[in-house]
Ligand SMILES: Cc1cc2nc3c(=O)[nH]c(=O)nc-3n(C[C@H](O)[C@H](O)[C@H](O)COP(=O)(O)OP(=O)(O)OC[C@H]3O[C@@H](n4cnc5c(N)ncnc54)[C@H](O)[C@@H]3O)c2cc1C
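A lone chain, given as structure tokens: the form predicted alone.
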Amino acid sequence: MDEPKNTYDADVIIVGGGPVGAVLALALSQGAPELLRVTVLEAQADSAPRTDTRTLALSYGSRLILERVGIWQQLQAATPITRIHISQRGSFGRAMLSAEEAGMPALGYVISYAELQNALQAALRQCGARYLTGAQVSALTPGVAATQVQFTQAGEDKTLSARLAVLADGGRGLKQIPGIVRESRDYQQSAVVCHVSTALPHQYLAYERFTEDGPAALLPSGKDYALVWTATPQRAQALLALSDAEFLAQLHAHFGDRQGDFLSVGKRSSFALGLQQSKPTTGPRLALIGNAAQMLHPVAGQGFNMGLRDAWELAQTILACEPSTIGSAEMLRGYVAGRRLDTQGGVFFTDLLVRGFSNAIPGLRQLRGLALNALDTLPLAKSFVVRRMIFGAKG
């Protein structure tokens, strides 16, 4: 039997105040602000607006989640994606996905990480959750009745207890968690990311172009494009070292002429790509969500959107149960069962795309071309793929 509520510091402690942790906190605060005590521990101490230059691709399904927690209305600079052109370099086969055919205003949106995070931070400070910044979590100690969360803030060591601790630190914080094993697969690929401008206007058209070194994606962002160019680690470092003119010339040779010439390029950066999974994603009084649970290859833009679905569905699971059963084994089993199809399906889908398209195996290129043409000409197949890209494996 659980201890009385007043022996806990919180019903739910969320480790990580990034987008996934923030969405969970906002959903919980909206659903039962008078019943639940929610604490968010954010490692960054600086409360000034973030200036992170990363770009996020949000699915239309993620827009619906952000609308429900009251954030979407504040995101003024989101660029819609109304069409996606899918092809493979050096061979036949292409498919065009369209928001109009799907009966939606957009397939997705492109937004800066900084704008989204700044809006979420402002909402966190007003939602009723306890929001502690500069809180560096050093350990989670799951127990039968509660999880102890140890952290340092302003040079002082502190410990809080909760019926349920949720790790939403993006997979970059705690590395050792009792009972959790992290498995990884190295794709031997790196992503070069930057913004580029093109001679032709994007007209809200995105590209996903597969090559034997990995996919190259162009995502409409403002008036320009956000580029994600996948290459071998050695090739990625060489691309970073090129002059702007040399980089643009090689990008044109790699991508083709569909947008005309590439005119300018912003600051370039690179990061390694792989698949990381935590197994299991729950433990006694503990749940892992977002990149802490599964970190995917960026192909098809599934990882971040899956993390938001983790947060939303965990919130609904918590809100649907009695406060005294939050964090119980039964509650966590229900959450895992509800997420299994989406998470396993997303991992399988992205891994299949990476390994199936990033090669020059004889005969496979032709099969891929036939598959792309079939996708383009079969309405049911196209609808199936679009709904799962937007809403996850559950469709």
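This structure is a prediction, so every number in the text was calculated from the model and none was measured. Residues carry their position along the shown sequence, with the first being 1.
Below, we turn to the form predicted together with the ligand, even though it does not appear here.
Though the partner is left out of this view, G170 does reach within 4.5 Å of the ligand in the model of the complex, counting heavy atoms only. Interface residue remark: G108 is not counted as part of the site for the ligand in the model of the complex, having no heavy atom within 4.5 Å. Residue contact with the ligand in the model of the complex: T55 places a heavy atom within 4.5 Å of it. Residue contact with the ligand in the model of the complex: V20 places a heavy atom within 4.5 Å of it. Residue Q44 is the only one of Q44, Q344, N359, Q366 with a heavy atom lying within 4.5 Å of the ligand in the model of the complex. The partner is absent here, but in the model of the complex a heavy atom of N305, alone among N305, S112, T281, T79, sits within 4.5 Å of the ligand. Of the candidate stretches 177-185, 135-143, 82-90, 247-255, only 135-143 contains residues with a heavy atom within 4.5 Å of the ligand in the model of the complex.
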